[in-house]
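To begin, one chain is listed below as structure tokens, in the form predicted on its own.
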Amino acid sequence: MKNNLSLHTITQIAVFIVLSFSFYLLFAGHSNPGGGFIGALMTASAIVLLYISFDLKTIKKVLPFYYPYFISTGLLIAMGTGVSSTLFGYPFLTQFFEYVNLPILGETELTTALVFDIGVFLVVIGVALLIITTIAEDED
């Protein structure tokens, strides 16, 4: 399957579409269906699609990520969101939000729930891809 041009082309288009939708789900998740967990699963599935279409070594050269760093960074971000609210005297994981006017987007809601979702996003991507690549490396 290394030289299958049509498979590689279709995979690249599909990965772009899946990644775009997964980031939409991540950023829309705190007030609509979606969020960090489902967005991360879609991102992990897009990367797995790349692993299937191309081989594991090629994708590891293109995406040289060490997935335990994703897990630890995501955990720190998610825990930091909860701990920061306790530092200001509020209960753990209290949500704060503010509306700001951004140049292109207009009035936009900035919330701590989005930061927590980004932490969950990184943890789920790291765990899912670490498990899948570990299993795939054992098969070689």
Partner chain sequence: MSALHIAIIVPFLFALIVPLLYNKIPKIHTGWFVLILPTILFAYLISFIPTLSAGEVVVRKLTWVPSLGINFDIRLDGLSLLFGLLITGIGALVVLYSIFYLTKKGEALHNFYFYLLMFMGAMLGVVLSGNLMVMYVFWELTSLSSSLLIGYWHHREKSRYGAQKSMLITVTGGFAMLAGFALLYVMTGTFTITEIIAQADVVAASNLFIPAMLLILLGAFTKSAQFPFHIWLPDAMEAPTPVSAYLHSATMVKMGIYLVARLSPVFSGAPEWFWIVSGVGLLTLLWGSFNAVRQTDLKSILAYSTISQLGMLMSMLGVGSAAAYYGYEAGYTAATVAAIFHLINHSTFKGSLFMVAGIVDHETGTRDIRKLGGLMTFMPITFTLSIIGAFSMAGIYPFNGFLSKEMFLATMLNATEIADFNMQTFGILFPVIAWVASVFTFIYCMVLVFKTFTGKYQPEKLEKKPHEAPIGMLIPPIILASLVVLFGLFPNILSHSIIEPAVQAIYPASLTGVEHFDIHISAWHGIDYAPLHMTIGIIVVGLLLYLTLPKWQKIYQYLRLHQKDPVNYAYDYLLEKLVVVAAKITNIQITGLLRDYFVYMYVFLLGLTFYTMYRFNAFAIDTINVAPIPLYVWFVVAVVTAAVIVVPFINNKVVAIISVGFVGFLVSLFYVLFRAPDLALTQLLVETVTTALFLLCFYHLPELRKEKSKPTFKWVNVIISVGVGALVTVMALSALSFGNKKPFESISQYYIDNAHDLGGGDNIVNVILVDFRGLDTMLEILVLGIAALGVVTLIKLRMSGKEDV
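Positions refer to the first chain, counted from 1. All values derive from a computational prediction rather than experimental measurement.
Beyond what is shown, the protein has a form predicted in complex with the partner chain; the following relates to that form.
Colleague: Look up in the model of the complex whether residue 107 has a non-hydrogen atom within 4.5 angstroms of the partner chain, and give yes or no.
Modeller: Residue 107: no contact with the partner chain in the model of the complex.
Colleague: Although the partner isn't part of this model, could you tell me whether residue 59 comes within 4.5 Å of the partner chain in the model of the complex, counting any heavy atom of the residue?
Modeller: Answer no; every heavy atom of residue 59 is more than 4.5 Å from the partner chain in the model of the complex.
Colleague: Is the gap between residue 131 and the partner chain in the model of the complex 4.5 Å or less for some heavy atom pair?
Modeller: Although the partner chain is absent here, residue 131 would touch it in the model of the complex, with heavy atoms inside 4.5 Å.
Colleague: Heavy atoms within 4.5 Å of the partner chain in the model of the complex: does residue 78 have any?
Modeller: Result yes; residue 78 sits at the interface with the partner chain in the model of the complex.
Colleague: Can you tell me which residues in 12 to 26 come within 4.5 angstroms of the partner chain in the model of the complex, by heavy atoms?
Modeller: Only a single residue, 25, comes within 4.5 Å of the partner.
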